[in-house]
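Here you get one chain, nothing else, as structure tokens; it is the form predicted on its own.
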Amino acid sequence: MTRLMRTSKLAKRPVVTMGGEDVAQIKDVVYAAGGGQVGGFTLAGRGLFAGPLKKALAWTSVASLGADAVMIADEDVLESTEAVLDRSASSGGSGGNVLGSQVLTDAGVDLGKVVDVIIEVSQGGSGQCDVVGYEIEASEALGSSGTDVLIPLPDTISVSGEHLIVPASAKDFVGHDLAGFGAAVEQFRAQLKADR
């Protein structure tokens, strides 16, 4: 079973041990493998005036990503922030922030700017957390300029500091909410495989 969510909804989500101890909160999402997967999270302390922590949480140490908390076995699974960022970079991750980046098709058409990232979280043992789409502020090319829409991504994506490149056919699978967007992602990826 999988669930789609916006990464903007993860900020400030508490990190809780299986013993019930509230040890941190999510600060930022760290992307890995060329931007196609979540590598982990940087953390902040709990409380109104708490700042960033020097510890981070690798995705492989997450027991469950729930609607209200990120569950971990215990505090010992937290690592140095550098270790999590370095592992992300070595797997091809850019380590950069994609929010505000321009989405272009491989035909050079501007589709809009990224306002959020859509991830698919596998519940249970396998533990995948993949980037499956972007929420973008649409350009004229999508016929709904200025509105926020969801655009699916292929299994592997091209990410640079300023531009995100998607196949031109992605604009045929644009969604307006998370309900049904998972099916649009599957259909888009199936079409890409069939075209190869």
Partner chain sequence: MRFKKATGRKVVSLATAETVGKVSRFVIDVPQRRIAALVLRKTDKHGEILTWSDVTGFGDDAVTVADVGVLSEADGPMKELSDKDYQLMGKRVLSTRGDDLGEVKDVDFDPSTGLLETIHYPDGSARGDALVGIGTYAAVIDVD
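In this text, all values refer to a predicted model and were calculated from it rather than measured experimentally. Numbering follows the first chain given and starts at 1.
What comes next is about the form predicted in complex with the partner chain, which is not displayed.
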Checklist entry - Judged by heavy atoms and a 4.5 Å cut-off, are G108, P154 and A168 together in contact with the partner chain in the model of the complex? => result no
Next on the checklist: Please tell me whether any heavy atom belonging to A141 falls inside 4.5 Å of a heavy atom of the partner chain, as the geometry stands in the model of the complex.
Outcome noted: no
Checklist entry - Is there a heavy atom of H163 lying 4.5 Å or less from a heavy atom of the partner chain in the model of the complex? => result no
Checklist entry - So, in the model of the complex, is T147 in contact with the partner chain at a 4.5 angstroms heavy atom limit? => result no
Next on the checklist: Considering non-hydrogen atoms and a 4.5 Å limit, does the partner chain approach G45 in the model of the complex?
Outcome noted: no
Next on the checklist: Within 4.5 Å, heavy atoms only, which of L65, V29, I136, V131 is in contact with the partner chain in the model of the complex?
Outcome noted: L65
Checklist entry - If you check E21, D177, E186, D172 against the partner chain in the model of the complex, which one has a heavy atom within 4.5 Å? => result E21
Item to check | the partner chain in the model of the complex: contacting segment from 112 to 120, 81 to 89, 99 to 107, 68 to 76, heavy atom within 4.5 Å | outcome: 68 to 76
